[in-house]
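What follows is a single chain, given as structure tokens, in the form predicted alone.
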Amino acid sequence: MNAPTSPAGGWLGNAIQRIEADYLRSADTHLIPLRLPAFAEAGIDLYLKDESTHPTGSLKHRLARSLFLYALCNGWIHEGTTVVEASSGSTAVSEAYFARLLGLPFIAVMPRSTSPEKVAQIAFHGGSCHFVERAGEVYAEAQALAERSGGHYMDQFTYAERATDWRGNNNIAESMFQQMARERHPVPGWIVVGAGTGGTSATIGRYLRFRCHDTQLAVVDPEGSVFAAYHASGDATLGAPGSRIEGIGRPRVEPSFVRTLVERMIEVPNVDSVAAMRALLGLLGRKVGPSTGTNFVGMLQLAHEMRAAGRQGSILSLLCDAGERYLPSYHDAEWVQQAFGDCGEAERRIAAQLA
């Protein structure tokens, strides 16, 4: 094992400086208002923070940066260390980017069903992929692969909730509130997010409490995920079949999902996620990924509840990644028909909710 190195100089100091320089080259992501007259007239405004504009194209760019800095400052990554991650795709794309920035080998352990576009992006950033047949196999295989290679298993599912400074310092929650400052409802009634690791919900939930904001946090959970059942029961031994919405939901309770920070869980059928994803094409003029569709389902449900109760306010969520990553899958009608069945009824239901 390499000896501890002072961050003031040498390889470690240079690595941290490279990551910080990359951050300073990056602008903040946009907060996009959704034009929904039926809700706006009732005093309810909906927004999506567009995380697809990060250099690696997704919300996971923030997590990957935090995980690398956390591992570097803990002395877990050194010059030449092979970095290994268990990922369904987007985190691996972002970690491959930062590994290449530091000149480190990177291996992503992922289910064989991961979209070819994400696999290609990992390769583009200099990483390689190691496939397993089932999502539940990624953890042990990533750990074993790191041990065999003498590398470091990044383990996003354990460290996501602690690698980011939840008190602020340019995290996603602080950015949201800064961008909302001049809106008519600057303190949102709800923030809606999905959960893969649980890191985003943990960061936002802690920030809301630390800043004493009168904002509630809702997590949307796709069909087949375990998080909603865990939130209701507190039983961390629960399991589930696993999500079919890439990037969110898990077959097991992840250490980074902190249930006590979440006021509301909203379970979302797969067909509704796809239908809402398609509806956003009409609202935004561009394709988004399926987890953004899941978010939108939750936003619409809460907006209807607020309108029925005569409450005004704002609802924020995330545009997690762009739809181009999913052209042969979630944006292909034949693929969706085979994977989920007919989404026609769900599309009509979503369209009715927009009125």
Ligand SMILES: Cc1ncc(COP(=O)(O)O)c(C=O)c1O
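In this text, residue numbers run from 1 along the sequence as written. Only a predicted model underlies this, so the values are computations on that prediction, with no experimental measurement involved.
If you look for the form predicted together with the named molecule, you will not find it shown, but the lines that follow are about it.
Chemist: Given that the partner is absent here, state which listed stretch (55 to 63, 41 to 49, 27 to 35, 301 to 309) has heavy atoms within 4.5 Å of the named molecule in the predicted bound form.
Modeler: Heavy-atom contact with the partner occurs in 55 to 63.
Chemist: In the predicted bound form, is there a heavy atom of the named molecule that lies within 4.5 Å of any heavy atom of Cys320, even though the partner is absent here?
Modeler: Cys320 belongs to the contact set for the named molecule.
Chemist: With a 4.5 Å heavy atom cut-off, would you call Gly127 a contact of the named molecule in the predicted bound form?
Modeler: Residue-level check for Gly127: no, no contact with the named molecule.
Chemist: Using 4.5 Å between non-hydrogen atoms, is Glu246 touching the named molecule in the predicted bound form?
Modeler: Yes.
Chemist: Look up in the predicted bound form whether Gly196 has a non-hydrogen atom within 4.5 angstroms of the named molecule, and give yes or no.
Modeler: Yes, contact at 4.5 Å.
Chemist: Please pick, from Ser273, Ser225, Ser94, Thr200, the one residue with any non-hydrogen atom lying within 4.5 angstroms of the named molecule in the predicted bound form.
Modeler: Comparing distances to the named molecule in the predicted bound form, the residue within 4.5 Å is Thr200.
Chemist: Between the named molecule and Ser90, Ser291 and Tyr326, in the predicted bound form, does every residue show a non-hydrogen atom at 4.5 Å or closer?
Modeler: Spot residues vs the named molecule: full contact, yes.
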